[in-house]
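Okay, so here's just one chain, in structure tokens, the form predicted on its own.
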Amino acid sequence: MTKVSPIISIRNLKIQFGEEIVHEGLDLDISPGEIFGIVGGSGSGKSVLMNAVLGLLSPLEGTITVLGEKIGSLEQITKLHLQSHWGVLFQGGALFSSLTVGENIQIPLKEMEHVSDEFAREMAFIKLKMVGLKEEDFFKYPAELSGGMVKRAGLARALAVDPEILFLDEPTAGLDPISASAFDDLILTLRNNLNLTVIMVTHDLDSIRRLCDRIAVLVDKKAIVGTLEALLDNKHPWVREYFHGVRGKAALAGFKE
């Protein structure tokens, strides 16, 4: 059986701000096509890790390889080419309030060379429908949308360039349980239909249970990686408290039964 190379590989990562070491000796691999969750306590460096993978900050030590390219050694033109292979849904959607939903979705497309306004508009309509929004939503401003619709519009923008990798930062934060469940269903459908690799930072134990093939728990400046089933048996105190605490028991009741 042929071994599949990781789509993202991190080795011996060290990230430090002043005297504070956030990550040290952190290793993990993410396989193509999986939904990979990142969890951890406040200050554990979840968003820091994602920003490092995105090339938004440079590690002090270690290597990050995405799609076979080492992030730290890329020239700017190569980095821009690489970034056309991924999309990012930032927490809260991060839409520009002065632009319509359609204009927001078109932003990544218009940053690419040789893309006409007509093509960008047409593709934005397609992505809008792909995430479950209606045609009339294309002309609305973010202030006219519900929280769930803002998330979907942000997701449409993240999908605008047909990425191979989709990064999600707290995708269900602020949503009611019904909207959060519907958003989970959408992510799963998109992963299956588009063959996406999805990396998501989340605190939502329901989403973790329903979506994640594997999870990285950031503790002690490193990552403990495994399936949910394996992590439920992990003896690390923080991991046990996270998955077996009151909230964990409620969300994961019956998982191993």
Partner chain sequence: MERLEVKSPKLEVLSQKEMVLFKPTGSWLAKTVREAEPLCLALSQKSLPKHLVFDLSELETYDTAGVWLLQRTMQDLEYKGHRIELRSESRAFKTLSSRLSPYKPAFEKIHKPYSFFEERLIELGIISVNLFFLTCDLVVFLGQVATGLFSTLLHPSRLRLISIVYHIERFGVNAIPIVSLLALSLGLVLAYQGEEQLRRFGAEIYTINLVSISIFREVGVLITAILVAGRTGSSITAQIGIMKINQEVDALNTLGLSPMDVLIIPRIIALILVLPLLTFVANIAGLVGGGIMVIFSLDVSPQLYMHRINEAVTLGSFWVGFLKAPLFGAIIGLVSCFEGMRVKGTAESIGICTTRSVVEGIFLVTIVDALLSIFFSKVGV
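Numbering follows the first chain given and starts at 1. Only a predicted model underlies this, so the values are computations on that prediction, with no experimental measurement involved.
Below: the form predicted in complex with its partner chain, not depicted.
Self-check item: Position in contact with its partner chain when the complex is considered in the model of the complex, options 194, 230, 56, 60, heavy atoms within 4.5 Å
Solution: That would be 194.
Quiz prompt | Single option in 181, 146, 84, 91 placed near its partner chain in the model of the complex, where near means a heavy atom within 4.5 Å | solution = Only one listed residue qualifies here, and that residue is 84.
Quiz item: Can residue 173 be called a contact residue for its partner chain in the model of the complex at 4.5 Å between heavy atoms?
Solution: Contact with its partner chain, no.
Self-check item: Contact label in the model of the complex: residue 164 to its partner chain, heavy atom within 4.5 Å
Solution: Although its partner chain is absent here, residue 164 would touch it in the model of the complex, with heavy atoms inside 4.5 Å.
Self-check item: Touches its partner chain in the model of the complex: residue 121 (any heavy atom, 4.5 Å)
Solution: Yes.
Practice problem: Give a yes/no on whether residue 130 approaches its partner chain to within 4.5 Å in the model of the complex, heavy atoms considered. | Solution: Residue 130: yes, in contact with its partner chain in the model of the complex.
Quiz item: Looking in the model of the complex, is its partner chain within 4.5 Å of a heavy atom from each of 211, 238 and 243?
Solution: The answer is no: none of the three residues contacts the partner (heavy atom, 4.5 Å cut-off).
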